[in-house]
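Single chain ahead, by itself, as structure tokens, in the form predicted alone.
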């Protein structure tokens, strides 16, 4: 392995780490507040990618504006799904998992009905290459890092200092106590689903110009997202971000040096070892 290969794999791993951070923090937020297993979260990622393709390629809207519109659209969809399907499932792991699995097919068929099954391509938004220390890197991939960082920082600031963010953290820690203080659990749950959907859409929209867009993007990433959430500590947002970068570097290095299936097997093996040694995950807390 040359120095150039190492830098390229590290850059790709960082990009994938940010992508998984956006995707998996939504899963952690929803699980921490609603205690449901939403396997259809991957379809929100897929719909976000399709929304960016539609706004940008079909309607000719600016890419960053298309990304913002896709996040708003998927957030609205996620809130609607929460109100109709997930609200009665709060606190029930297996029923919510089964129901969300059924939603996968509903959402996939809906997208196929509108856009078909053929791959869609999003034109390069940030074309060109840059050379760093003699290593050539794609501007398209590098731009994912600062844009994702901005989204994550805005999310953190909202969660840390806003009124609704404090309410969400209170519900994650003690829902009964939060309710006694006047916090609306229904509002917090809907907000959690909306934010989770928006962040999944951001991940899908950022990756759309790099990979193809099709109706079957969701389930593979959902599996990776659940590995990340379990590895990080299920309800720990910092743990989820740490685990996302671990997963990103594993995918990048092992996929390049061996193959993608070996990368997923490696991540699953690490998860198994961590959960045996530390069942609460990397940054989770003892029950």
Partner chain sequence: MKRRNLLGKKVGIAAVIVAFGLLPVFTQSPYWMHVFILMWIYIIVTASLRFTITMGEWSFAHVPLMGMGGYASALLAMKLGLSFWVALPLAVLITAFIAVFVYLPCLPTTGTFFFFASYAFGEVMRLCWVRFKNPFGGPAGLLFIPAPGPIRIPGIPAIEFGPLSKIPYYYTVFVFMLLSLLILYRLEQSRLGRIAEAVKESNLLAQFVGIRVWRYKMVILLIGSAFAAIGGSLYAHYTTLIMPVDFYWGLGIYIIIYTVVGGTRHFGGPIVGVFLFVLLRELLRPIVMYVPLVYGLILAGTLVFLPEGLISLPEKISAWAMKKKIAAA
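Positions refer to the first chain, counted from 1. The term rigid core refers to the maximal set of C-alpha atoms that superpose within 1.5 Å between the two forms. Fair warning: this is a prediction, and the values are worked out from it, not measured in the lab.
The discussion below concerns the form predicted in complex with its partner chain, not included here.
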Please tell me which of 157, 98, 129, 150 lies within 4.5 Å of its partner chain in the model of the complex, judged by heavy atoms. 98
Quick one: from 76, 113, 136, 124, grab the residue that has a heavy atom within 4.5 Å of its partner chain in the model of the complex. 113
May I ask whether 57, 59 and 61 each come within 4.5 Å of its partner chain in the model of the complex, counting any non-hydrogen atom? no
According to a 4.5 angstroms non-hydrogen atom cut-off, is residue 261 in contact with its partner chain in the model of the complex? yes
How about residue 245: is it within 4.5 Å of its partner chain in the model of the complex, going by heavy atoms? no
Just checking whether residue 226 would be counted as a contact of its partner chain in the model of the complex - the rule being heavy atoms within 4.5 angstroms. yes
Is residue 211 close enough to touch its partner chain in the model of the complex, meaning at least one heavy atom pair within 4.5 Å? no
Which single stretch, out of 67-75, 103-111, 141-149, 199-207, brings residue heavy atoms within 4.5 Å of its partner chain in the model of the complex? 103-111
Which residues in 256-278 have a heavy atom within 4.5 Å of its partner chain in the model of the complex? 258, 259, 261, 262, 264, 265, 268, 269, 271, 272, 273, 275, 276
So, does residue 15 move by 2 Å or more at the CA between this form and the one not shown, with the core held fixed? no
Determine whether the C-alpha of residue 267 shifts by 2 Å or more between this form and the one not shown once the rigid core is superposed. yes
